[in-house]
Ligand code: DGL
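Okay, so here's just one chain, in structure tokens, the form predicted on its own.
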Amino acid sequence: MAHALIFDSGVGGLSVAEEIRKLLPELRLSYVADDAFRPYGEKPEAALRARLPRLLTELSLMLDPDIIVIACNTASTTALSEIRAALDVPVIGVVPAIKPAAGLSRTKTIAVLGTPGTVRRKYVDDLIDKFASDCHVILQGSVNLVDEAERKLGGQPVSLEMVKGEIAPIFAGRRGMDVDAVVLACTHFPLLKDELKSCVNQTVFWIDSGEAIAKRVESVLADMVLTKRAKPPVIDTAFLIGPDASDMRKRAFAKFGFEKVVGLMP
């Protein structure tokens, strides 16, 4: 049985885990949420590059995965090459779904909704130049939506007024009226997809990378020769770095198939 480690700053990677579990139901999954250092979208690039390779090395030694998924756009666009250089297992990152959004858009007006740390990266600019050069692209950063997704998974009600306010700049003015595709460039945001849809009157494609990541995991595992001995079935476990391991949060992880939740000291 192959084993994948899914890593994110918080609960956002659960949107990716859900797609991986749909496609690869037999795959053993471990999940790590770096709650102690969240939100990544407000952290300097240098701080993320210093922390993530070391942390992922420690987690790889502890959990012994066959493959690691960095289910965080900010981490992927900031430190993916450094993480890969530090590890000896395949590492899959998240790419904002700008290419499919540009292909789906009829008005050629799209938006990229991510954390401030993601939307200002040169990596995103390069994706736009490569795949959406014929589009008008609106970039919108939000840390508050990350916090709202965390609260939702913690069992708290979502503030639709806050959600609407965070995305209002995307749909403002004449350009905003033409937006027909929004890239959810933070893995937390698909967890709020119903709320996002309810806050917009016009028809919009809300596009994330979860399904594409799942297919990439399938492809990489298919090409691997797994030399480890088969292990007995193990309960899929979520490891939370920091203090946020409340009963409500444990129930939220259980809904995504992680029956056991373990708190780790930061």
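Note that residue numbering begins at 1 and tracks the sequence as displayed. These figures come from a predicted structure and were not determined experimentally.
Absent from the display: the form predicted in complex with D-glutamic acid. The rest refers to it.
Non-hydrogen atom contact residue 105 with D-glutamic acid in the predicted bound form at 4.5 angstroms: Looking in the predicted bound form, residue contacts with D-glutamic acid do not include residue 105, since no heavy atom lies within 4.5 Å.
Close approach of residue 146 to D-glutamic acid in the predicted bound form, 4.5 Å, heavy atom: Although D-glutamic acid is absent here, residue 146 would touch it in the predicted bound form, with heavy atoms inside 4.5 Å.
Exercise: residue 41 in contact with D-glutamic acid in the predicted bound form, heavy atom 4.5 Å: Because a heavy atom of residue 41 falls inside 4.5 Å of D-glutamic acid in the predicted bound form, the answer is yes.
Residue 78 within 4.5 Å of D-glutamic acid in the predicted bound form, heavy atoms: Answer no; every heavy atom of residue 78 is more than 4.5 Å from D-glutamic acid in the predicted bound form.
Among 168-176, 192-200, 110-118, 128-136, the region lying within 4.5 Å of D-glutamic acid in the predicted bound form by heavy atom distance: Result for this chain: 110-118.
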